[in-house]
Ligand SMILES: NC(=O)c1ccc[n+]([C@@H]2O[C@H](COP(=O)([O-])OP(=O)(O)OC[C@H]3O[C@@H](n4cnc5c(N)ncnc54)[C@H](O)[C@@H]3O)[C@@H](O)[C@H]2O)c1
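The data below hold one chain only, encoded as structure tokens and taken in the form predicted on its own.
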Amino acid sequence: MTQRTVAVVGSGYMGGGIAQVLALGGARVALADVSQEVAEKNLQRLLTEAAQFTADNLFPADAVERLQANLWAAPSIEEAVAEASYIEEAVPEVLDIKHSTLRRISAAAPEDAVIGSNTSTILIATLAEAVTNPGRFLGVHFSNPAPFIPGVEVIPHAGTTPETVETARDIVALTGKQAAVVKDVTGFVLNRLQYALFHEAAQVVEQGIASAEDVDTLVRTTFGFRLPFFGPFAIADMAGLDVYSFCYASLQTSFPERFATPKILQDLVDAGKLGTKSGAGFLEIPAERTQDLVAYRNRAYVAMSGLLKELGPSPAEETADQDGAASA
């Protein structure tokens, strides 16, 4: 197969991490920034990081050699994108900076090159205003730290072509990550969910219901413990959608507006689709697979407990424990 030619524009923490995983995936990656000097400096940083990641068994043994072969610092944005089939824009989250960068990319890149933006907050349709042939443009949102978080949001705007979405999926697959295609709305999906949780957590602390440390402990050790293995719909199906409906009714006694029962949930309950115990719910898991699902769940949770014991407490936990002991 012909080696894919890629450019990453913006060589900082996020752009650099994206460039690493693309180069490790076998692409020939040009790294560009405001100057070649900045791109070269960040390239050296990425190689140094890779050496440490390799020593820590986080990267493959030949990671540095692969990066040296596949990753280079371009003299300019224009030279970086001139022959690229895919370009990832990862400049600061400032609309004017992104617009001016995307105009430069559009002017210098091949007309059929797909352009992705790593924005986490700006509407893709708004960014597309600066792109020539905007059908080739979409959001491709990696998470921090890019080398190690396995999920990527792919966000087409209304004019993005299906072929562009497929190219973005291919790019994500090249990095060994999983793509989720979502619509172009404020916050997309990742940050909409993340900030909804943080909003409730902040209110709990502000109202004196629990400390920040205790909220973090509960999230880590209860529902957050499930999330590496199951998303919210799978968890709801396993709990029972009738149980969820009852819990919403309970929450409404104190928070009637904030915890109104979602129509999508109530419609399933009214139809008798209660999750895995009825063989149908959000995810349509057949009843005969329930025991397999429960067995997987139990193995997963025990394995996660073992991993956490092996790793030991994080520095954040240790600090919280020390602070708690000091105030006792």
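Note that this is a predicted model, so its numbers are computed, not measured. Each residue number is its position in the shown sequence, starting from 1.
Just so you know, the form predicted together with this ligand exists too; it's not on screen, but the next bit is about it.
- This ligand in the predicted bound form is not approached by Arg136, whose heavy atoms all lie more than 4.5 angstroms from it.
- Remark: Thr119 counts among the residues lining this ligand in the predicted bound form, judged by a heavy atom distance of 4.5 Å or less.
- A residue is said to contact a partner when one of its heavy atoms sits within 4.5 Å of a partner heavy atom; Ile264 fails this definition for this ligand in the predicted bound form, lying far away.
- Although the partner is absent here, Ala61 is not a contact residue: none of its heavy atoms lies within 4.5 angstroms of this ligand in the predicted bound form.
- Comparing 232-240, 166-174, 91-99, 211-219 against this ligand in the predicted bound form, the single stretch with non-hydrogen atoms within 4.5 angstroms of it is 91-99.
- Only one of Val302, Val34, Ala260, Ala295 comes within 4.5 Å of this ligand in the predicted bound form through a heavy atom, and that residue is Val34.
- Residues Val9, Gly10, Ser11, Gly12, Tyr13, Met14, Gly15 are the members of 9-27 with a non-hydrogen atom no more than 4.5 angstroms from this ligand in the predicted bound form.
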